[in-house]
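Only one chain is shown below, in structure tokens, and it's the form predicted alone.
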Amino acid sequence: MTESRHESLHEAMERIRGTRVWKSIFRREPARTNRTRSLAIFGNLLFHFLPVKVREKSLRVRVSYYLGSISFLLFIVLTVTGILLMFYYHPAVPQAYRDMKDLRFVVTSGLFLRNLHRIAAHLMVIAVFWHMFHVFYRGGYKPPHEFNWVVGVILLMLTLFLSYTGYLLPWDQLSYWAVTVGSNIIKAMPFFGDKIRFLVLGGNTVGENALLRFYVLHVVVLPLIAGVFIAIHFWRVQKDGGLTVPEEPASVEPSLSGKPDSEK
């Protein structure tokens, strides 16, 4: 009775799969063979970041220490907490500082939310630096991973820019003078230093124009660019054959005389 029910259910599914509506939505056969499973992975928007096959060595913790995943998780935490902070923050002078005070003393769990955002930002900078050093140590800049290495360096710079632009938003003495010193360093650049500083600050001094520009860069421009490069970074890891795993040295085969060739 049970077998006949399974057979009838299987026949019903086969008839549904043979309809024109099903084929217009799902353009591949069921994932029953290695070929159809590979096509299901490559053709799925959610799964195409994942490899069809994974080397066992790349699953070891010491290969990556999950530093890339930790950095991405911290980016998600920063995105969520940043959106919540935007409900209470106004990028205007002197309201920005008052909002920071309200988040600390008035808003329920405001201090926890702000500290979570701030600590996650510090941890992300540390994790991205650590990830870069670890990948460099394991030779992640060598072919065929050189393009993804450049993408990773761009993500490192975006992380630093996100941290720097967020530094001005509290609009206290520490953030004001830190951005003033940083913008003066940019001004010392030859040829285009003055123009870049004027473009970043929206003027010649750190004022309300600078606060507004830093706010737009911090919550819109840089996160969108970082999201695009993160997607490229994850996609490229799989297209380059997975994580960088050092090859084991080939064993020396003994010769006919019973001694390795290197001892002859």
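Bear in mind that the values here come from a model prediction, so they are computed numbers and not experimental data. Quick note: we count residues from 1 along the sequence shown, nothing fancier.
One more form of this protein should be noted, the form predicted in complex with a small molecule, which is absent from this view; the next part is about it.
Colleague: Work out which of 221, 212, 230, 40 lies within 4.5 Å of the small molecule in the predicted complex, going by heavy atoms.
Modeller: Only one listed residue qualifies here, and that residue is 230.
Colleague: State the residue from 100, 78, 124, 85 whose non-hydrogen atoms include one within 4.5 Å of the small molecule in the predicted complex.
Modeller: Looking at 100, 78, 124, 85 one by one, just 124 meets the 4.5 Å heavy-atom criterion.
Colleague: Heavy atom to heavy atom, is residue 165 within 4.5 Å of the small molecule in the predicted complex?
Modeller: No - in the predicted complex, heavy atoms of residue 165 and the small molecule never come within 4.5 Å of each other.
Colleague: Using the partner position in the predicted complex, report whether residue 198 sits within 4.5 Å of the small molecule, counting heavy atoms only.
Modeller: Residue 198: no, not in contact with the small molecule in the predicted complex.
Colleague: Can residue 153 be called a contact residue for the small molecule in the predicted complex at 4.5 Å between heavy atoms?
Modeller: The answer is yes: residue 153 has a heavy atom within 4.5 Å of the small molecule.
Colleague: If we define contact as a non-hydrogen atom of the residue within 4.5 angstroms of the partner, is residue 36 a contact of the small molecule in the predicted complex?
Modeller: Answer no; every heavy atom of residue 36 is more than 4.5 Å from the small molecule in the predicted complex.
Colleague: Work out which of the listed stretches, 190-198, 124-132, 86-94, 172-180, brings a heavy atom within 4.5 angstroms of the small molecule in the predicted complex.
Modeller: Among the listed stretches, the partner-contacting one is 124-132.
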